[in-house]
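The chain below stands alone, shown as structure tokens; this is the form predicted alone.
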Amino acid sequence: MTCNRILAYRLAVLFSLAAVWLASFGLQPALADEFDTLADRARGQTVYFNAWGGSPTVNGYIAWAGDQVKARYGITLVHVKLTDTADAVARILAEKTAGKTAGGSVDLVWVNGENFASLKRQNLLRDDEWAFSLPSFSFTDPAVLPGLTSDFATPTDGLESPWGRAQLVFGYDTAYVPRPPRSATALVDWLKQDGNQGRFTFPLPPDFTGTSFLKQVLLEVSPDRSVFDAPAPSDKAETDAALAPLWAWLDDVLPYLWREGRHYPANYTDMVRMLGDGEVAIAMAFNPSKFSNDISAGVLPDTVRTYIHDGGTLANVHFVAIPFNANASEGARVVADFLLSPEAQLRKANPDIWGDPTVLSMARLSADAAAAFAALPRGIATLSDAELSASLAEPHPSWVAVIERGWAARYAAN
């Protein structure tokens, strides 16, 4: 059997499993023949993929994906390099305002968070559940990774297809911390022990990682975290009540933080350096590979390892979406499916290529595909995909400003 025939057989098996799983999820699968029809219609199209272009690593990966969809489907993929995704959002909105309902300049856009919320709110996206019907979507598991269908608490409704993920991880030096605290509550107990006082801090909010840590604690200590799935209420008394557990947690730990909470590192880079210098015993980052990369670079000792909290840590997913007036909608769907395929996700997860964590569920993959992911080089401090499987969905983006204002009012003057 040739390599191509082996690949075709494995894909047939995977798509059969996909159909069974999608049926159990209550979704309508795109059958193989339907996808073939879609691919036939996409042949010869040019897909203008608007995506951040600030990283040679990312740019190289997109160029590889372009070569693949050209060879397999006859689709030309043009990477429109953005410095800010909001530029693409503004362009799509301008086209709608001008009445351009077809032949738009954007076929596919890399997006998540507030930009997706803005596109959805203004009806600027293809309005069916196209992402749920992609064959490759069957390799994901929204029950385990809620961020697949809830983009910063905005339901995706199948209007965007997952592409990659980020997750908060903690790094610690095993030379000083034999058993790291694996919850916000355990962290308080650990900080109060002799020898640990002053050995922990977090980046100063509104730094992204610092605010993310506050969100992590908030979700862990709140009696009803579902409150944060909805937009923050305008009534201050309601937001004060919702955030009260977070402020109580901070009031408790403040005297035991590095420099008693009077000073904070500016960002996670500074905090990781402090871990390397031994000033703190635990640091954090939103890239699970960060600590391994810094060990390789000599910034951290090789005794550093990572962990997440037992109840999961904050994670978010980035997506690709199709505008309402895309000129090559069929080609965009075929490209989105390829980007989500086990083959493309495996290459993207390789730290020698990009190192972006996969959105696929190992339990949804064939044994061979799961083994290929398990065999990826990870670095000595990077957790496995299975170890990173416990995650928490991001609160609605409107809570960020509320948390940061509350932080500034209570603690910034310390």
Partner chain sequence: MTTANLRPLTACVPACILLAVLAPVLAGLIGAVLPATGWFPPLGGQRLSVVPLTAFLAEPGLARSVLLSIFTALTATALSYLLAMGLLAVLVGTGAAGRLVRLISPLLSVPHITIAVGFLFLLQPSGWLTRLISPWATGWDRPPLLNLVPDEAGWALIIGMVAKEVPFLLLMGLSAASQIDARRLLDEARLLGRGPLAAWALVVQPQLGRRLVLPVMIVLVFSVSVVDMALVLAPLTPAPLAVRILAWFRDPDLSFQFIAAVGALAQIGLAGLCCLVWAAAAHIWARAVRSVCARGWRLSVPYRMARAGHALLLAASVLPCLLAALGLASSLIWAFADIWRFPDALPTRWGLRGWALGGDGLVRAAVTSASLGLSAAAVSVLAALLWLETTTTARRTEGLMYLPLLIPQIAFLFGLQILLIWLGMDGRLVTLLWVHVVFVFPYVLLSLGPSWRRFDVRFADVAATLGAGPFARFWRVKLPILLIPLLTAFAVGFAVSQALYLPTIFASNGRVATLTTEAVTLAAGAGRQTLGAASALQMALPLMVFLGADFISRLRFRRFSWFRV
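What you see is a predicted model; the values in this text were computed from it and never measured. Numbering follows the first chain given and starts at 1.
FYI, the form predicted in complex with its partner chain isn't displayed, but the following is about it.
- Contact with its partner chain in the predicted bound form holds for all three of Ala90, Leu93 and Arg199, each having a heavy atom within 4.5 Å.
- Among heavy atoms of Tyr264, some come within 4.5 Å of its partner chain in the predicted bound form.
- In the predicted bound form, none of the heavy atoms of Thr149 sits within 4.5 Å of a heavy atom of its partner chain.
- In the predicted bound form, Glu114 approaches its partner chain with a heavy atom inside 4.5 Å.
- In the predicted bound form, its partner chain sits within 4.5 Å of a heavy atom of Tyr48.
- Checking Lys81, Arg72, Arg182, Lys192 against its partner chain in the predicted bound form, a heavy atom within 4.5 Å turns up for just one residue: Lys81.
- Checking Gly278, Gly311, Pro155, Pro233 against its partner chain in the predicted bound form, a heavy atom within 4.5 Å turns up for just one residue: Gly278.
- Between 340-348, 101-109, 160-168, 217-225, the stretch whose residues reach within 4.5 angstroms of its partner chain in the predicted bound form through a non-hydrogen atom is 101-109.
- For the stretch 43-67, the set of residues having any non-hydrogen atom within 4.5 angstroms of its partner chain in the predicted bound form comprises Tyr48, Gly53, Gly54, Pro56, in sequence order.
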